[in-house]
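Listed next as structure tokens: two forms of one protein chain, kept apart as structure 1 and structure 2.
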Structure 1
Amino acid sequence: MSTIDAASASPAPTAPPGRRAERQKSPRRFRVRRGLLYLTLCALLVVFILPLVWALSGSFKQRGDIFATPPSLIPSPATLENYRNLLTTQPFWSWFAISIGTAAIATVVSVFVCAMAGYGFAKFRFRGKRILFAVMFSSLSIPFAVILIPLFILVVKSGLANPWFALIVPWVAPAFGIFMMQQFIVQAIPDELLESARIDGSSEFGTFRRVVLPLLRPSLGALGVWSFLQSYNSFMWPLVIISNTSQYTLPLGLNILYASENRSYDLVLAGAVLASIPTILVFILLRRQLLEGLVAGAVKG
């Protein structure tokens, strides 16, 4: 993987120009310290990335080679057989569709709900604000395991165990997202803009939709990615709520492969790689969007 090569190839403690003053003070000590820092960081990098590289490489190995001793990072011979088997013998695309679909719905709903509530808290004064805010704040310390059983009963008994509904329920109103939106709105949306929209006769919701949401777009992307990851990666809730194998999400699908008697590690590794592609892609998107949001906030704030 190129990231690792790039990282380990240049741990040379060449100090950038800004450090000249310090170098003159004690060049040797500084260089030693800098070298140690790079060494430590690169060692950590290996700890963080090696398992992933190894799994990626394993997904291209023949079944018997995955556990070969000594372990190797280069699959030889490399094969796409694992991927082909996974996609032909398992309903992978169905798992994938349900996971992506429900995560997408949960994301859209929660982003909208959080943006609205965040806007309400960031830009208005109203009676009961402190207490309502405190109530929301305290909901951060409610463990999901507590509401797991009542929520399960609620969803099952009310006949809503349709996975498309059930799988989005826990993710639609995260207090976390409201804080995030509130912070972004305070930072990125000047009051004057809202005042002038009002003077122009815009309705409150019209202002929100036409002025606030467009300005918030980069932050909405960031929140969206966070919501998406929460839902897409969730394991415990789908595990209790989905009993019909035809409605499995990706994590549940991978779990049956993994927990099966013969531990089809070849398939499991290929599945793990495929399952991780959307989240990693989405993470790359998150970074870009956040940078844009920052620039926008800095220019206007």
Structure 2
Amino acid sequence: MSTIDAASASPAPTAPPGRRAERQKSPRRFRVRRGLLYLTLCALLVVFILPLVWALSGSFKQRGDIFATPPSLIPSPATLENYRNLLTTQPFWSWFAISIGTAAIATVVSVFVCAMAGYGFAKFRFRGKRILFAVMFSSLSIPFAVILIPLFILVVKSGLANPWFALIVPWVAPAFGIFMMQQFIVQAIPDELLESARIDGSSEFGTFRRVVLPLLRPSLGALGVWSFLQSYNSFMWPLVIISNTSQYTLPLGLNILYASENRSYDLVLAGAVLASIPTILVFILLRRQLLEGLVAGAVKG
């Protein structure tokens, strides 16, 4: 028999027994890890969704049944009296309109301003750029409570204490939004694309509006959700700047119901359920842009 025939007739090398055992165990380990991951996610889902389910259940219960023992998630009997009392005895729709209106305006203005500022920091060179960006970025480490009183004095002395204006001021140009837009523009928009638009005769604002903004849709959606939640859920600033009860936002209005002598938990729960509807709708409408922005930031960042 020749050497070639002997080599072909020899049995194929086999893996050591230890490696074969590891290969057999790896699918089992994968299934165990995946099961633990799903179990952890289910536990976190229960933790996050249980307060909302409890609030929804309590909003249909009578006040004496909310804290009954043993607790029950199914109201028996179910009643709409809580919602009826909230909408008829309290200026809920006024609180709701002010919160939605100011949050929507603040979100639109904030997204546009942050996109423009981020575009300037990312694609333009000017004197003092690094110093200005460092000052802006360092403001992220300053708690809002530190600038609360100076901002209040500045707004009042300027004669701009109108609720519809004062409630929007703190959210017009957040440092987080500017930094987020600057980072996304640096990574996602090449300079060659901007140069080609300028060669075609486009102005700087036209380039920003026609070229930059369409490419920023994922990050704009993520920033829009963040800005809306920041303005909509704000409590400290409206508490300082607003003195008229009829001009309260939803967080302040619900706090009045909670801080009253009767502790109107039934009205608070009904108001909390209604107040959560806009945030859920915003997430549903912008969920695609939000997820795309988060994925883009995770991959490119």
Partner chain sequence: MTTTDISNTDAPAARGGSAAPVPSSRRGSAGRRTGSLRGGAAPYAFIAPFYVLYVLFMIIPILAALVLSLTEWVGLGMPRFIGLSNYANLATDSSFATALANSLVYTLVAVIIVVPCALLIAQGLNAKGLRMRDLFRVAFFVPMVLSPIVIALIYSLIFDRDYGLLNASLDALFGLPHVDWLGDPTLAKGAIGFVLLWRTVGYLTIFFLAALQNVPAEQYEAAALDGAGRVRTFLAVTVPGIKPISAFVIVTSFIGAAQLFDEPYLLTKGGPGEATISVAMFIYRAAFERQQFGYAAAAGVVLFIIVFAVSQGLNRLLGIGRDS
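Just so we're on the same page, rigid core means the largest C-alpha set that superposes within 1.5 Å between forms. By convention here, residues take numbers in order along the sequence of structure 1, the first being 1. Every value quoted in this text rests on a predicted model; they were computed, and no experiment measured them.
Just to confirm, one of these is the form predicted on its own and one is not; which one is it? That would be structure 2, which is the form predicted on its own.
Establish whether a shift of 2 Å or more occurs at the C-alpha of Lys123 between the two structures, with the two forms superposed on the rigid core. Yes: Lys123 shifts by at least 2 Å between the two structures.
Large Cα move at Ser243 between the two structures, threshold 2 Å, rigid core: No, its C-alpha moves less than 2 Å.
Tell me whether Ala188 is among the residues that move between the two structures (Cα shift of 2 angstroms or more, core superposed). Result for Ala188: yes, a 2 Å-plus shift.
How much does the C-alpha of Arg34 move between the two structures, in Å, given a rigid core overlay? Comparing the two forms, Arg34 shifts 5.1 Å at C-alpha.
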